Every structure is written in C-alpha cells, then in structure tokens.
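Read the single chain below, which is given as structure tokens and is the form predicted alone.
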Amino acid sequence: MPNRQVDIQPERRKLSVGPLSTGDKWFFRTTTIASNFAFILVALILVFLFAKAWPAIQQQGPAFIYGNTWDVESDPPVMQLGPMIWGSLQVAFLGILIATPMAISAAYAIVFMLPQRLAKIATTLIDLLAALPSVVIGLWGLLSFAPVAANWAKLLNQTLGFIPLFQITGDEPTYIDSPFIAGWIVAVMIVPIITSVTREIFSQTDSGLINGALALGGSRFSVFSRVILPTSAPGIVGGILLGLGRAIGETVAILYVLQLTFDINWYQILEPHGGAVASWILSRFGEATEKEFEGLMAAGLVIFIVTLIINGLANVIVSRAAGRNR
C-alpha cells in the first residue's frame, strides 16, 4: 500500500490575557483590590458625611449654601455657610493667580534652561516644599511673612487705592488678617503641585518642534508663547485645577493669617476679614454642640464634594493632555 501522508495541523494556541505566572497573578489581584479599595474608601467617607450632615441640611434647606448667619444659640439654630464658601473661593483663586506664573516659570526653567544637575536640585527643593506640613507654613506666614505682605498691601492701597479691589475702609488699617495674605500663603502651598504637573507636560513636548522654531529665528519668548504654551495648555489647566482643589480645602494655614467673619468680603482683598469653610470647621469643632456638629459635618460635605469635582476634572484634563503629547 502506498504511504499516505497525513497533514497534521498544529493545535492553535490561545493568547492568554492577564498575568501568566502565579506571582504575577497574586500581584495583579492585590493591586486591583488596593485600587478598588481607594474608591470604596472615598464612597464610605461620602456616605458618612452625608449621614451626619443630613439633619442639618434638612433643617436649614438651600439657605445653608447662600445664607450669611451662623447662630447656634437661637431656637432653632441658624447655620448658613455663604460667607465661608465665598471666602474659600476668593482665597483659592487669589492663590491660583499668584502661584500659576511662579509655577510655570519654575517648570520652564527646570525643563528648558537649567543644566541637568541644577534641574534635579531645583526639582527636589520644590518637591520638599510640598512635603511641609500646613501648620509649619501657617506659622511661617503668621510670624515671618505677614509683616512683609502687610507692607505690600499698604503699597497697593496707597498707589492703587482708587481701584475698589484695593480699597480699605477705616481710619487705621492694619493690612493684616486679609484674603490678600491668605492668598499668598495658599500660593506657596500649591506652587509645587502646579509645577510638578507643568514640568511633566513640558518634558513631553516634541523637542524637534521646539528646535525647528528656534532654527527659524524664533526667540525663547516667542517659542514659549507660540509653541510650548499652546501645546501644553490643557495639561497646565489640569495642574491649576489640582492646585485649586488643594487650595479650597486648606485649613490650618488660612486660620493663622485670616480673620474669619460672617460679613461677606465681596472684593476688598486688603480688608482684615474673610472666610474659609475648612478653617471655620476647625475653629468651631472643639466647642460645637450636637446641632452645630451636624452643621459642621454639612460644611465638610460641601467642601468634600467641591474638591472631588475639581480633582476629577483636573485628572481628566491632565490624562488627555499627556496622551496627546506622547
């Protein structure tokens, strides 16, 4: 009989998805559980705050957000957070206006100007600034920076006092305990955050694009303003939003340098009164009654939700910018 050649098809192998070895599988499971636990922890904090704050929210109604009275001695207690919410936004935006130019300049110098060794030293110093506790920065602001910033505030009032923003009412202004000084303190705290994100975005900018613009005769400023900045703008905005979320939730440092009052300071940033939700919670927590405790929990819920929204938006913007620059 003739030999018949039988074609044997090799068994098709299936591509495995996920880790293959036992160690990789356990590592994958552990990291998955840990990452999911972070989301669960945030959700549990949100549920806890809502449960504690619901009686106050139910009693106060929408006026809790926009009212300007906090009187726990009345019957029923009146707890309205309007001046503190406005003050938090005011101080946070002042901090952003001050910190953003410093952060962008520092990131540009680290990525494009300094030698590698000096760039590493500058990066380390800026990162160390982010590690300082807020109580240390608050004490520095109270004891060392406030007198210096008071002189700046006096100069602004004397030279630009015709602008309502820099006007001060009263015969003997002190130029301290104002949103202006609090904004500087917050700026010091958020510069490392904005600088870190901006530095990362700058480092992903196409070097060929920059070198080409320089070769065509562009100056450093024109290349920065017309090439680097437009390309990096979404990532920088994300970093600014991350800094804004940090600034809105600042507590101790603002408490040291800002006089908290329930008279809304709409725009006079040199006036010695203002507000901040987190600082108000800290100042009242130790002596709070049961009803006031519920109101403070409601205040914490408000600031927690606002911070979550801002940070979530910032992460989306930074992620998209980083993916686009690769």
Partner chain sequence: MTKFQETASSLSAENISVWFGERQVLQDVSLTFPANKVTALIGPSGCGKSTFLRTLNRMHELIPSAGLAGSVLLDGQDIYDPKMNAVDVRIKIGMVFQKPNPFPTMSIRENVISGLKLSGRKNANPDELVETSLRRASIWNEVKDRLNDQALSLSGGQQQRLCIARSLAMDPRVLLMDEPCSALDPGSTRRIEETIQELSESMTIVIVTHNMQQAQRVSDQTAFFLADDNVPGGVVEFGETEQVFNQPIDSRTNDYVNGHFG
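Since the model is a prediction, treat every value here as computed from it, not as a measurement. Numbering follows the first chain given and starts at 1.
Only in words, not in the display: the form predicted together with the partner chain, which the text now covers.
Participant: Determine which one of 67-75, 205-213, 172-180, 146-154 lies within 4.5 Å of the partner chain in the predicted bound form, judging by heavy atom distances; exactly one does.
Facilitator: It is 205-213 that comes within 4.5 Å of the partner.
Participant: Have a look at 104, 242, 137, 223 for me and say which one sits with a heavy atom within 4.5 Å of the partner chain in the predicted bound form.
Facilitator: Looking at the other structure, the residue within range turns out to be 223.
Participant: Quick check on this chain: which one of 231, 80, 123, 251 has a heavy atom within 4.5 Å of the partner chain in the predicted bound form?
Facilitator: Checked against the cut-off, the match is 231.
Participant: I'd like to know if residue 96 sits close to the partner chain in the predicted bound form, meaning any non-hydrogen atom pair within 4.5 angstroms.
Facilitator: No, residue 96 sits far enough from the partner chain in the predicted bound form that none of its heavy atoms falls within 4.5 Å.
Participant: Decide whether residue 219 counts as a contact residue for the partner chain in the predicted bound form under a heavy atom distance cut-off of 4.5 Å.
Facilitator: Judged by the heavy-atom cut-off of 4.5 Å, residue 219 is in contact with the partner chain in the predicted bound form.
Participant: Looking at the partner-bound form in the predicted bound form, is residue 227 within 4.5 Å of the partner chain by any heavy atom?
Facilitator: Looking in the predicted bound form, residue contacts with the partner chain include residue 227, since a heavy atom lies within 4.5 Å.
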